[in-house]
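First, one chain by itself: the form predicted on its own, in structure tokens.
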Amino acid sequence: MTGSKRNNTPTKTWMYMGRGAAVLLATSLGFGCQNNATKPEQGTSTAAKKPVVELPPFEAAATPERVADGAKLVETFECSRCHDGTELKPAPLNKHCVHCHQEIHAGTFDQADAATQAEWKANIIHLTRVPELAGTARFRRSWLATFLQAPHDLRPGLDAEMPRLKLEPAQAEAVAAFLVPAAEQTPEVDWAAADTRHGKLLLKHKGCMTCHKFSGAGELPAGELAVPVDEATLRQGTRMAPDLRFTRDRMRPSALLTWLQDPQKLKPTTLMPDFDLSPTQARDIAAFLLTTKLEAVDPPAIPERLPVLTRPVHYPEVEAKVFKKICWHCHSDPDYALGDGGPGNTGGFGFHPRYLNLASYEGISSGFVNDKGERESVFKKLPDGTPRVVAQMMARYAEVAGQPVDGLRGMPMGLPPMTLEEIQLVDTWISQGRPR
């Protein structure tokens, strides 16, 4: 369990346009445009360049066998421990990361007393909301398979990211087939008549950039949200808003047009409001999202780890500031963790049990079980001299930068990296002989 985003973690900015699982927003309330610009309702500017949207390769229906394989893999990798929205059986409460955190925040978690819940609530920041898997038919199957293998920061307003699971390419493709089984529909729209300048104006006048980020697309003023949205919904929506940069790879064009006009049709539980966009408006916004030039975006830099401290560091400080702050949640004693020691101990999310318990001095000292079934120390130095546990925490920075380290899975998995100061504390403690 952690606090808010780390100060040394690359800052992420965002905007919303969509609902809980990831989407696009575009709105319609006829704002006029000044200075002879095209009015949002018209979309008939002759001055704008008329682009032709080049549709990606058509995706046929997935085979029933592939879909069935994907369903089994969704169970194997325990996707339901975080995500709702499939017809598969949900995970029990003590294994459902999000439901557990939500109940603790609501004060309805009946498996712990009030004092314990209050203590947990103060520390729980991450995984209180994640995308649902309902409505995934709007995505391109090929994109989804790629994303599952190499997840990245899709929703800049959300601190957690999709964790890097141990998925083979064929497995990722099968999971994508389960989530997107149907054939793609050909959009019935005249792309040659699309007006991207009008689409860009609509993003401003409908307030889409109030919530969404469109990295690499240049300056896009936020404007004012064109429909009333209550504060709680807007707050949740902005957290879940995807970066529109990925729209062209992520969304099926026909689904994008439907989504812009009637998001609830594709996902009834979406947080994205319906703005009653006309077909022309939806077409022009879609054309802008799919064709506007995108500049390269530099990934965050991978920082150097700090030198060890000169002052004494003992286990109680490391336990309180690092291991019990976040690590123990996935690597803990099963009895203390209500019968589940977390995926880093008793296994889960497709990973074999590692039997690593970071909830006590004795537990961390006993190490973990490696791929050969042998006990190995988490303090063992790697070829470059870095203790393994320190290397894995630093590897999370590399993953965030899109450069995963071969043979190391960054920790904490799918969450913001530990601060350099927290890693320095562990590094110092190890270098001093791990004093109690």
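Quantities reported herein were computed from a predicted structural model and do not represent experimental measurements. One-based numbering along the sequence shown.
One more form of this protein, predicted in complex with heme C (HEC), exists but is not displayed; see below.
- Contact with heme C (HEC) in the model of the complex, defined as a heavy atom within 4.5 Å, holds for exactly one of M272, A287, L201, A174, namely M272.
- Listed residues R197, R140, R81, K213 were compared with heme C (HEC) in the model of the complex; R81 is the one with a heavy atom within 4.5 Å.
- Looking at heme C (HEC) in the model of the complex, residues A62, V67 and K72 place no heavy atom within 4.5 Å of it.
- Only one of 149-157, 189-197, 294-302, 307-315 lies within 4.5 Å of heme C (HEC) in the model of the complex by heavy atoms, and it is 149-157.
- Heavy atoms of K381 never reach within 4.5 Å of heme C (HEC) in the model of the complex, leaving it off the interface.
- In the model of the complex, none of the heavy atoms of G85 sits within 4.5 Å of a heavy atom of heme C (HEC).
- Contact annotation: Y361 falls outside 4.5 Å of heme C (HEC) in the model of the complex, judged by heavy atom distances.
- Among heavy atoms of N94, some come within 4.5 Å of heme C (HEC) in the model of the complex.
- Residues of 400-436 that come within 4.5 Å of heme C (HEC) in the model of the complex, judged by any heavy atom, are R409, M411, P412, M413, L415, M418 in sequence order.
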